[in-house]
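First, one chain by itself in C-alpha cells, the form predicted alone.
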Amino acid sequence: MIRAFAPLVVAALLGGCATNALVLLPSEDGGQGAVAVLDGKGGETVVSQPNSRTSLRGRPTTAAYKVKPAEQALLDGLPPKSARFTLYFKEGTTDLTPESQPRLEELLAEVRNRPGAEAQVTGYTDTLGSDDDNDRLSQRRAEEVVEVLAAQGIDTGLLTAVGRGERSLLVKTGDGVREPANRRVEVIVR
C-alpha cells in the first residue's frame, strides 16, 4: 500500500506499470513531498528523496534516478499548472480599478493560450453594505469577468461565476469597513 503526503509529484510505476517501483519527482515549484510505503505488517518506509526510484519488491530500496527521455515526454505532456489572477474593483461597483486593467490583459492572454481552458471566477466585497447587497455585488463582479472571458470565445460551459460577498476577506476587518483589497475577483484558470 502506498500512502502519499501532499505536496508531491509522483510518477509511480512509469512505463505502464511494468515494474514494482515508484519514482518520486520534485513538484512543479521545485518542492518535494513524500510517499509512505506500507508493507501490510505494520512496517512503513517513507520515500522523500526527489529524483529517486524505489523498488517495491520485498523490502523497499531507494536509489537516485534520472528520468528517461520517454518518461520526460510523458511528463511534458501533462497539463500546465493552474494560473491564478486577482482583479480589484472600485467601491460599490463592477468597475475594475485602473491598476487591475493590466492584470485583466494577463488573464485574457492566459486563457487564449490554453485551448479548452476552464475558469472559476469568485467575487468578493469589503464589509461596507449589507450582507445581501454584498452577495449580489460580488456575484455581479464575477459575472462581469465571465462575460469578458466569454467574449474571447471561451465556451461558457467552462466558466463558473460565484459571489461570496464579504465572506473570506483578504484583509480581516470589522463590519462596515472600506477595504480595497477585499473588493476583488479571484480567477483560477486550468
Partner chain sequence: MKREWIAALCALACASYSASAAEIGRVKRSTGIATIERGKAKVPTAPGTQLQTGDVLVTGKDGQIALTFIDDTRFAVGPNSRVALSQFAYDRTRQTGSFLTDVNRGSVAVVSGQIAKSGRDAMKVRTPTALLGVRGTRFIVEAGK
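For clarity, a rigid core is taken as the largest C-alpha set superposing within 1.5 Å between two forms. Residue numbers count along the first chain shown, from 1. Just so you know, these numbers come straight off a predicted model, no measurement behind them.
Just so you know, the form predicted in complex with the partner chain exists too; it's not on screen, but the next bit is about it.
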Task: The single option of S82, Q101, T93, T86 touching the partner chain in the predicted bound form, heavy atom within 4.5 Å - done: S82
Task: Heavy atom of G129 within 4.5 Å of the partner chain in the predicted bound form - done: no
Task: Partner proximity in the predicted bound form: V148 to the partner chain, non-hydrogen atom cutoff 4.5 Å - done: no
Open item on the list: Test of understanding: in the predicted bound form, would G153 fall inside 4.5 Å of the partner chain by heavy atoms?
Closed with: no
Task: Contact of E28 with the partner chain in the predicted bound form (heavy atom, 4.5 Å) - done: yes
Task: Residues in 46-82 with any heavy atom within 4.5 Å of the partner chain in the predicted bound form - done: V46, R53, L56, R57, E71, A73, L74, L75, D76, G77, L78, P79, P80, K81, S82
Open item on the list: Rigid core aligned, does the Cα position of E44 differ by 2 Å or more between the shown form and the other one?
Closed with: yes
